[in-house]
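Taking the form predicted on its own, here's one chain by itself in structure tokens.
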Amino acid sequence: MSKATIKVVETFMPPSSPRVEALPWLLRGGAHAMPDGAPNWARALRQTAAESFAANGLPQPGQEGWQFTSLRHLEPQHYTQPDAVLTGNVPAPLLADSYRVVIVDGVWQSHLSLLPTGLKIAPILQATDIVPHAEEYLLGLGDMAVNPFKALNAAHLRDGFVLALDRGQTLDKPLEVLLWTRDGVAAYPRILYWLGENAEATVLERCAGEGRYFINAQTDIVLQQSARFTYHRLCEEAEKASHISQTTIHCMKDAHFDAYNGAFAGALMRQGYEFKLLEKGVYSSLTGIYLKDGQQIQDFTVLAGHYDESGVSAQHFKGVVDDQARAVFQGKIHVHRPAQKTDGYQSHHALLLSDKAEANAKPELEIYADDVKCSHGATAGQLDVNALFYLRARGIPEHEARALLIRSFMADGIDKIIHPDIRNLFFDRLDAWLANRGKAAA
């Protein structure tokens, strides 16, 4: 490697035997320069993460957890990292009455954001100014060799935001977070939501963009005692976009976390969730829905770790796979020995509309406690031919009958969303997908 190349990435020095295919991800377009006065923990994390990614590269096809998820859509020459962020036009808010945070190409745009008085928000590198010991969560990435995308995100650490609610504070209306990515960009946002004791918030996080781009997001959600957080993620990325995200939820005593994830469009989506139910009485749930066609890939990988007693975790996933698309669900509930009286459940149900569509499910239970209730289930199949015949026998055209059955299958997951306006957004995406499919069949 030439001295000139090393200079481009500032302080990064590759390991003695780097993977050749890994270096373009670190070097292409130049790593975002750290601003003057950046904290030492951030500089150290970037260096360590860059070294890890250079040594390991992207996950290989045979690597555990990646056997079913092809990364053929990812090629570093397609993406750059802009030195200056040009906001251009971003979509209007989806909700009529909400607060707003706007992220463009991974960078928080304060002038486009609308926030209530008293809500604490800052760039991610200033996280320790508003959240005590924030670096503990930002540095706690585990073994980065196991998940190279965590290493890649941390190697580009600079952009994103931290948002904090003080003890007892409640947002009076939802917060809409837009992550907008432009054509040809590789974005690496880092986000930290921190809710103090008895704080409460509802968030709608929308991931979207234009053209061909790559977003690699790392999000940490920290819920102190008895905090309540309702989190919605609406992924409607561009058709040629690749989306990789990892969300880690840290729950303290009696915290309550509800999440709803809708995945639409996008060439490649891999969404990982890790639940750390650290203290007693934690409740957590995750409902995921997805609609995939063409050659799209959707991967949900979930780990629920129970560390103390009387915790509840539930994951419910439903999806429709058409054409040559592929769906992957990998879910694991890990009950540690002190976590007595744990209640854990996970399910994945896929509807296959084509002979070439594929759904892979790998549910797991790893239990070391004695007094628990844990179960899992997974199904994959086609539309019920008897129900389809019943509808057609009553004069309903075949494509309309199929649409009714698909909507009924998916509605169960969407109906779980409590906020009516957000629930309608998810139904709107489902109806639009069915309408497009109906036009193709007509």
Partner chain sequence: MLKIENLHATVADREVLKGVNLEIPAGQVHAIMGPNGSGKSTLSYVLAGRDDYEITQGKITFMGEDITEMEPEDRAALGLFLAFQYPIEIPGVTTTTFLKTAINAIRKKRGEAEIDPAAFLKLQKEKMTQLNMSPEMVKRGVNVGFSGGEKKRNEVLQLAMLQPKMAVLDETDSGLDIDALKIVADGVNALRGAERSFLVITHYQRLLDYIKPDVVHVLANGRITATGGPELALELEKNGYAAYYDEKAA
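Since we're looking at a predicted model, the values are computed, not measured. Positions refer to the first chain, counted from 1.
Below, we refer to the form predicted together with the partner chain, which is not included among the displayed structures.
Contact flag, P397 vs the partner chain in the model of the complex, heavy atom cut 4.5 Å: Yes - in the model of the complex, heavy atoms of P397 and the partner chain come within 4.5 Å of each other.
The partner chain contact at M34 in the model of the complex, heavy atom, 4.5 Å: No, no contact at 4.5 Å.
Any non-hydrogen atom of R392 within 4.5 angstroms of the partner chain in the model of the complex: Output for R392 is yes: heavy atoms within 4.5 Å of the partner chain.
Interface membership of A44, the partner chain in the model of the complex, 4.5 Å heavy atom rule: Answer no; every heavy atom of A44 is more than 4.5 Å from the partner chain in the model of the complex.
Stretch in contact, per heavy atom within 4.5 angstroms of the partner chain in the model of the complex, of 35 to 43, 402 to 410, 60 to 68, 374 to 382: One stretch meets the cut-off, namely 402 to 410.
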